[in-house]
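Here we start with a single chain on its own, the form predicted alone, put down as structure tokens.
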């Protein structure tokens, strides 16, 4: 208790030291602080990460009196000048980051390792500059790592009870594992890797339960275990994960900056949304503007024609150009023309889902048309042009199905909210556009063409506004009897599914380059860091980098573990047993589990084609610290603390033994901790952002030439 008490006290001291500095927005506080303010203001936002950790920040901000009106707009914006209670908000990750240390210690102790090995693993995380830097700011990683550690701790406690299944304690730790796993997943999108790690361990566990040799391993017993794990590790976590989004939607009921990411139906569930306030039914013969949902260009045409021959030698129709134009213009005006008889008045004149329509370009009095002629930039797609109003010879080529996305039969087309696709009746191609510009002959406007299989999203358009009604009536008030500005209800599960899909799509789309992005192969060796914050006047900076001694020790420990396992396997092929069976079991089952957690939290990043940063390695770093402690135990002693699992009805009593490490264990850990602390203090000015450093000192702090620190002195020949 003394050891864990000292470790915890040091963790709080290091993470709360000068937590008020800097009193400015730092790194991704521009995002996660802003999201907290949206919760307080109840304005809808969109983010690629699940909401749990951000909900906690919103709660912390509300608790300390934050009114939500500071926008966290730019790195360097002052908290003090804007009276933001930022220290209270930063205290949340600092508390969780501090409590992670005793949890790491507890994981090692519950896994059967001695105090020395447990303290060793805890010290690696305790004195790590990267963990300290992340835990002092309004960022998600401290919450993610805290709940990941709790998940591992709970699963270890659950596994220790495997010989006494279905008891109250067994169920308690199983459910706790599921709940903490959901909290991990709900904190950050890569928290799902913890789900995969526990899932992989459970599969191994279930495989053992299929072994026919133990008398208790009947199929009925297997089915009971399978059902229990399905409830505790699938059903319960999913319900908890859903609850985060239920709270998220229950709080964010007002229109906000995230509206435009969502479907019209979703947006209409938010009070004050433009689709509720300014959405109007479209009637035949209304003059409207059509806008592409993704690229935001208007459907446009002008009198200029396609050139006879393109640069690649292909021939065009020389028809009137139809393009995408990014600005308001009279050449964006189109009249919706019916292809069926209409009543003189009433709601029969409303444009509806599944109608067949024509679009008349108002300024040139020509109908929109597509035909079997290749488009200018994409030979596989059809050209869009127009055809004179009075020439009926190509009437069929001017007909288009109007499909409203997600609509029911007969649903009315509305401005803003009516996301639609126009599909050519004869050829079934969709009106489509992409961001590539046409040459000078089309004034570098965006190409419009017809695509047979564009998918719903890139072929989606909407009516931006009604320019004029046929008879000049006040179209803003003509639907007042049927329009309500009250938010429309939307099923929670539809909201949840839509948001999950968007989160995955946008997370995969984070492919833009970043000066501090790095390759996963570099992370265990800490070849580069991230600049979080700088202050030019005093040459202060926060540079996200870990404790080089701790990180390289973990990398060596992983290599040593692989060597030990490989050597043992080779020896056993020759019928030799260099490693005693209890020690071997501990290496495979306990240390192997830690290695599994490290691998699953690390390897998937090699498969991701998105921006990646050093902080993505922090969960794996915690797992590697656990591996380092267990490898140290192996190197110090040829025995283990045994047994550690609770004895059950079918287990035979075994003599208890303890690992003998003598004085060398505490001495090794004491020396290593001193080196860790020394390295931590040496890099502390880069972790805490104070004091300022001159150029020569900055150069001295750059332990690796690949670190890109600010304010470094120029080298002289």
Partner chain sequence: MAPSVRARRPASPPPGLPHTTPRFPPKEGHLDADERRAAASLGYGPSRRAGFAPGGFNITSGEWKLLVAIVVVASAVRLFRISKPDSVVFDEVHFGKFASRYIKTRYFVDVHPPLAKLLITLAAFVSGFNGHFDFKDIGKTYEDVPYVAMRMLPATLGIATVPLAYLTLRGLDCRATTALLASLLITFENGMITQSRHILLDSPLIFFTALTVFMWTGFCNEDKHQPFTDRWWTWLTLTGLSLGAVVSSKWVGLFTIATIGLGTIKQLWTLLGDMRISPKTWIKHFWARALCLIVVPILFYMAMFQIHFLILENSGEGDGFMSAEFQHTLGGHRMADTFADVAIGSTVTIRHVNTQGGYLHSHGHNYPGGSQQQQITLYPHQDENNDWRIINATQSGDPSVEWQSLKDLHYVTTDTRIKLRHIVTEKNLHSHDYRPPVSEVDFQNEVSAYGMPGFAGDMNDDWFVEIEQGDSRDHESSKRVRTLRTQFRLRHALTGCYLFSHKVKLPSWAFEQQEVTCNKNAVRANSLWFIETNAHPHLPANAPKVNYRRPGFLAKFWELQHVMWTTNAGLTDRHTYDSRPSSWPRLLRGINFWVKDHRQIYLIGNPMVWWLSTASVLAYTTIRGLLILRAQRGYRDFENTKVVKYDTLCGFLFVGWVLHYFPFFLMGRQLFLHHYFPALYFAILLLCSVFDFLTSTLRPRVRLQIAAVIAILAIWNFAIFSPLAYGNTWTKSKCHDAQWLKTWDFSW
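Keep in mind the model is a prediction, meaning the values are calculated, not measured. Positions refer to the first chain, counted from 1.
As for the form predicted together with the partner chain, it is not shown, yet the points below apply to it.
**Student:** Select from the listed residues 210, 328, 308, 230 the one whose heavy atoms reach within 4.5 Å of the partner chain in the predicted complex.
**Tutor:** Spelling it out, the residue with a heavy atom inside the cut-off is 210.
**Student:** Which of these residues, 393, 345, 513, 575, gets a heavy atom within 4.5 Å of the partner chain in the predicted complex?
**Tutor:** Partner contact (heavy atom, 4.5 Å) among the options: 575.
**Student:** Is residue 217 near the partner chain? Define near as a heavy atom within 4.5 Å, in the predicted complex.
**Tutor:** Yes.
**Student:** Applying a 4.5 Å heavy atom distance criterion, does residue 71 contact the partner chain in the predicted complex?
**Tutor:** Residue 71: no, not in contact with the partner chain in the predicted complex.
**Student:** Check whether residue 380 has any heavy atom within 4.5 Å of a heavy atom of the partner chain in the predicted complex, and answer yes or no.
**Tutor:** Judged by the heavy-atom cut-off of 4.5 Å, residue 380 is in contact with the partner chain in the predicted complex.
**Student:** Indicate whether the partner chain has at least one heavy atom within 4.5 Å of a heavy atom of residue 235 in the predicted complex.
**Tutor:** No - in the predicted complex, heavy atoms of residue 235 and the partner chain never come within 4.5 Å of each other.
**Student:** Can you pick the stretch from 564-572, 354-362, 328-336, 431-439 whose heavy atoms fall within 4.5 Å of the partner chain in the predicted complex?
**Tutor:** Looking at the other structure, the answer is 564-572.
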